[in-house]
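Only one chain is included here, represented as structure tokens and corresponding to the form predicted alone.
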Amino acid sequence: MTLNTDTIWMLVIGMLAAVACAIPGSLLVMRRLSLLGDAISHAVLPGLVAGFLLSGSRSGEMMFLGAVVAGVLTAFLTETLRRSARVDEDASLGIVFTSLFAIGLILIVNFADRVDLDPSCVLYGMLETAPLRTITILDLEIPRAALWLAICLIVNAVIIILLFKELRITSFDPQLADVQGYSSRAMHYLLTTMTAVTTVAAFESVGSILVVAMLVVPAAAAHLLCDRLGPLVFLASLLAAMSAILGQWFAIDVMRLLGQPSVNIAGSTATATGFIFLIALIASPRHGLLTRLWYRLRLAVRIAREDALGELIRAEESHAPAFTRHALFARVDASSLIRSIAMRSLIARSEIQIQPAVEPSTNRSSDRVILLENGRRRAVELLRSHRLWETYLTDRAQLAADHTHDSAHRLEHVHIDPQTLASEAGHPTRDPHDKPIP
């Protein structure tokens, strides 16, 4: 990454904004209030206009204060409407933020000659020019955005550390929190105030798109990787900082290598958050798509393997001729890939053996599937489970005996203590079809 004073400050401002947003964003995601950040970023418009009209300047503290008041008002009106009018939370949020946004548009229309708000700046921010707007502290020229965002980040971190227990319990069980003396409403308003202040602090530098992305996407990606709130907040902050670095690197250096002009850094950073979330969605060890695909594959192979053992033990019980490989394949309800994997697994586990044989009638060679001792032991367990389930469904669920096979066939693959199942079924010795229960 090409580094000079301006690019370093842009990177610092982007990382401060990303991490400052990720801290309250983690709690919003856990509370299922992810759209609150989007609502506040729209609802602050009347506060921005009112602050400009009162101060006459776009860089005044009155705009910041007005936007914060509008953001907190959004949260207050949303909660009041939900509690008093019995409106769903998402509906009340939509009503409030669209109403405030419309009021802001009316103010802009009526005072258009006095308000200078560039729509592109609202959407994408002005991160590229943020290092130019400085403030002097101890003879040091520091960008105003970096100072405000650093203060915002420190305040958010202090709040989450000091009130972690209260925020955690009110996020997961508000009723229990109220019973134990922790006001869930107060914590809700504190969180929404944090969100409003953070949104407004980052609004001018990175715009509404990056603010919404950083409030939601890093926390959502972290939630795919861990389930505990403490590590989630830390991981979301780390992913947000990584997104800021990747976004600036792509917007400036990668585009230069491609011979293209630089793109907006805030938009590129928002894209980087989506890329990181996609990686987490695919490769998460517990909730990722690959993990789920692997679990489903293992489950399908196990069921196919157990179905094959069930067919073999039933054929052995009825003294039927041994299955050929092809005949056994045909009896297992699975895809050819799953059946092939299941067959190899049975052989590797020393549960079956494939023996070559010659058909007497056709004098053609074929493979015979022989059930070995390990496989017979597992097959007997499955047969016992199946017939116990048939008995249980007949006696307890009052199903007709000829309607229990399919349900028992599915339930026999559920891992349950055989003694518990036998006890629930009444320790029967024969199933509803008068077959012995092993």
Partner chain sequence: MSSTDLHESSKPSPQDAQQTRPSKDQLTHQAHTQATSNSHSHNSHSHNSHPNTIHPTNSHASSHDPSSHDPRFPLAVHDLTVAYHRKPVLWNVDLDIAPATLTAVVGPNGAGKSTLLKAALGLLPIAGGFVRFWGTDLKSQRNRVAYVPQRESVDWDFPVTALDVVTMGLYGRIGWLMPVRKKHRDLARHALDRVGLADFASRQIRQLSGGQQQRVFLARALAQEADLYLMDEPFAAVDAATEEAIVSLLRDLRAHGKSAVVVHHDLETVPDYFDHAILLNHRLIAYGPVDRAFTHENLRTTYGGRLTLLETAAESLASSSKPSPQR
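Values in this document were obtained by computation on a predicted structure and should not be read as measured data. Positions refer to the first chain, counted from 1.
As for the form predicted in complex with its partner chain, it is not shown, yet the points below apply to it.
Across the proposed site, Met30, Arg83 and Ser183 without exception bring a heavy atom within 4.5 Å of its partner chain in the predicted bound form. Contact check for Ser335: no non-hydrogen atom falls within 4.5 Å of its partner chain in the predicted bound form. Heavy atoms of Asp178 reach within 4.5 Å of its partner chain in the predicted bound form, making it an interface residue. In the predicted bound form, its partner chain stays beyond 4.5 Å of every heavy atom belonging to Tyr295. Although the partner is absent here, Asp227 sits close enough that one of its heavy atoms falls within 4.5 Å of its partner chain in the predicted bound form. Of the listed positions (Asp173, Asp253, Glu89, Asp367), a single one reaches within 4.5 angstroms of its partner chain by any non-hydrogen atom in the predicted bound form, namely Asp173. Only one of the listed residues (Leu162, Ala330, Leu289, Ile106) places a non-hydrogen atom within 4.5 angstroms of its partner chain in the predicted bound form, and that residue is Leu162. Residues placing heavy atoms within 4.5 Å of its partner chain in the predicted bound form fall in a single listed stretch, namely 162 to 170, out of 89 to 97, 142 to 150, 316 to 324, 162 to 170.
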